[in-house]
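Only one chain is shown below, in structure tokens, and it's the form predicted alone.
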Amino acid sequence: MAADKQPPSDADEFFKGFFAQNPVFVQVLGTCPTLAVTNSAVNAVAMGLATTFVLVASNVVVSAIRSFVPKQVRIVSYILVISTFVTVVDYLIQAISLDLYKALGAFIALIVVNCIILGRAEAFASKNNVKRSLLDGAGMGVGFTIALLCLGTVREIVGKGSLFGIPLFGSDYQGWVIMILPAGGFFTLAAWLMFFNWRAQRRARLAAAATQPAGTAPEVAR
């Protein structure tokens, strides 16, 4: 008899959002803020941290109240919880830096409708305990931040010749203006998605080759 499948460990629950189930590069969620605010690394990190805070806080609260919320109003209740924490983030960013607040613009308020947050609340937090929901929210939030930073770093370096506002190539560098425009976001996201798809296919080929019977010629990993 096959052994019962063991539930994922706390570490697996946290790290799954980094790469294996990255919300942007694997699940292709939250692409609106991903494309809109990643014209610089600072904006990318700020939006990533704001979304992570809302993810963690809303997951914890949804998990804590899941037994008391009627199924008929669960989505409305989740949106109310999420919007409360988004309001907190909105005021915090406004108090910390008005320039950053203006740069992020309406996308702070639009965290409320980010499908990553509502999706994790419905698919995970409403079915698991507080600890696992916290780990899930933190892992997905960090994964989302990593994705934004990947795009923001490439777009700022190529488009402006700087990183976090620090010049890298001197005053003579002529940046690719298209990279800090909306089109640059699509190009950069497409390149990262292509890389992650190639990586996933390569790992699948290697895993398949490792399970082939002895004496069988394995497929060449490319």
Partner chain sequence: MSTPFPMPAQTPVWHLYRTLVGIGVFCAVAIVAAFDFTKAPIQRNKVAARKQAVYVVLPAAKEVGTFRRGADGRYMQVSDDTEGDGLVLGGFDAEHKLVGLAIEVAGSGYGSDLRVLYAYSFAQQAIVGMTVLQSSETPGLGDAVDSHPGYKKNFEQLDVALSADRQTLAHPIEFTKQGQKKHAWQIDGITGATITTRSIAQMVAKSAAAVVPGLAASSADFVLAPPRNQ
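Positions refer to the first chain, counted from 1. Just so it is clear, the model here is predicted, and its values are computed rather than measured.
Not pictured, yet referred to below: the form predicted in complex with the partner chain.
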| item | value |
| --- | --- |
| Selected contact from A41, A50, L189, V61, since only one has a non-hydrogen atom within 4.5 angstroms of the partner chain in the predicted bound form | V61 |
| F124, heavy atom within 4.5 angstroms of the partner chain in the predicted bound form | no |
| 4.5 angstroms heavy atom contact with the partner chain in the predicted bound form for N128 | no |
| Any non-hydrogen atom of M179 within 4.5 angstroms of the partner chain in the predicted bound form | no |
| Heavy atom of V154 within 4.5 Å of the partner chain in the predicted bound form | no |
| Options 116-124, 130-138, 100-108, 145-153; stretch whose heavy atom lies within 4.5 Å of the partner chain in the predicted bound form | 100-108 |
| Triple contact flag L163, Y173 and A200 to the partner chain in the predicted bound form, non-hydrogen atom at 4.5 angstroms | no |
| Residues from 45-73 in contact with the partner chain (non-hydrogen atom within 4.5 Å) in the predicted bound form | V61, I65, F68, V69, P70, Q72, V73 |
